[in-house]
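There is one chain below, alone, in structure tokens, taken in the form predicted on its own.
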Amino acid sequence: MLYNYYPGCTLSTKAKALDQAARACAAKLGFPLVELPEWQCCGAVYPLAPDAIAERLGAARALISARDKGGVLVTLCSACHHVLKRVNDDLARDEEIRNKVNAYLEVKEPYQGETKVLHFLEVLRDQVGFAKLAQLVTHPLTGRKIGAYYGCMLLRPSKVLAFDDPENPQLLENFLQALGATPVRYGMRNECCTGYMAVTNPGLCKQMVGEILRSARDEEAQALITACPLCRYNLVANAAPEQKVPVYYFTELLAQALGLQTEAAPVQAGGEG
């Protein structure tokens, strides 16, 4: 199977650690990622208005390119995955949106949502398998109590994204277990961090981040992992000094467990790493 890869804008700039570790791990695990040529920004935010056709075109171009190169598209960023998956659903189910997008892009073969959009974590779970992953770990994260932070974009709307149970997700905990870590389950792991409101309502943002970190620390989490660059930034930038915990991209700990890099440098309050 060819794993076409859509990195997205942030993974080419501020979130290079998420991207670079993923590429190395994918090659090690037998599903090397092939970056789509000439990809464009997905738009970062899913357009709710049905007539917002232009806002869907960046995602549509990536989906059509992946269709023409084998039919599978792998993403890492929670926001990119969210937008691509929902636009793909639009093009599969909404005839008016589909016809307008195809007409605008002048595609030779009309696109009807044929591409299968997968998050990197879904490939680990469904293609590699966590049991096999555990066997491939050479540097287990034994003794490390780590909380998974899902946020909102990986899980909702659940019928479209079909990633995991939105109320009681297990994927990241099972992933951590495969790496030899002790997963910490805490109540706020699937709540929105309000990252998109960091500019318009910073007070609410700090409050929500405080509640998330307090929930994790109450269950004795020593660190958090996430798949979302915006969530990582928000959990770092809006954390009170007494609440901060190390925040890693999940791929950094995967690379460490596979022996591909030394311990990842955590990001804490004060800046991106």
Partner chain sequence: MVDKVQEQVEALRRLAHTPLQDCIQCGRCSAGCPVAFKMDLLPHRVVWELAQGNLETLLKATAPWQCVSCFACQNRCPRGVSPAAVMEALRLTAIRQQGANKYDAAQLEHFDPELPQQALVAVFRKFNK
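Numbering follows the first chain given and starts at 1. Quantities reported herein were computed from a predicted structural model and do not represent experimental measurements.
Only in words, not in the display: the form predicted in complex with the partner chain, which the text now covers.
A.B. asks: Between the options M208, I64, A26, L36, which residue brings a heavy atom to within 4.5 Å of the partner chain in the predicted complex?
C.D. replies: By the 4.5 Å criterion, the partner-contacting residue is M208.
A.B. asks: Identify, from the list P32, P50, G70, P246, the residue with a heavy atom within 4.5 Å of the partner chain in the predicted complex.
C.D. replies: Among P32, P50, G70, P246, a heavy atom within 4.5 Å of the partner chain in the predicted complex occurs only for P50.
A.B. asks: Is E191 part of the interface with the partner chain in the predicted complex - any heavy atom within 4.5 Å?
C.D. replies: E191: yes, in contact with the partner chain in the predicted complex.
A.B. asks: Looking at the partner-bound form in the predicted complex, is A103 within 4.5 Å of the partner chain by any heavy atom?
C.D. replies: Judged by the heavy-atom cut-off of 4.5 Å, A103 is well away from the partner chain in the predicted complex.
A.B. asks: Whether C42 contacts the partner chain in the predicted complex should be assessed with a 4.5 Å heavy atom distance threshold; does it?
C.D. replies: The answer is yes: C42 has a heavy atom within 4.5 Å of the partner chain.
A.B. asks: Mark R93 yes when one of its heavy atoms lies within 4.5 Å of a heavy atom of the partner chain in the predicted complex, and no otherwise.
C.D. replies: No, no contact at 4.5 Å.
A.B. asks: Just one stretch in 154-162, 113-121, 175-183, 138-146 has heavy atoms within 4.5 Å of the partner chain in the predicted complex, so which one is it?
C.D. replies: That would be stretch 154-162.
A.B. asks: If we check the partner chain in the predicted complex, which of the residues in 168-205 reach within 4.5 angstroms of it by a non-hydrogen atom?
C.D. replies: If the 4.5 Å heavy-atom criterion is applied to the partner chain in the predicted complex, 168-205 yields E191, C192, T194, Y196, M197, A198, V199, T200, N201, L204.
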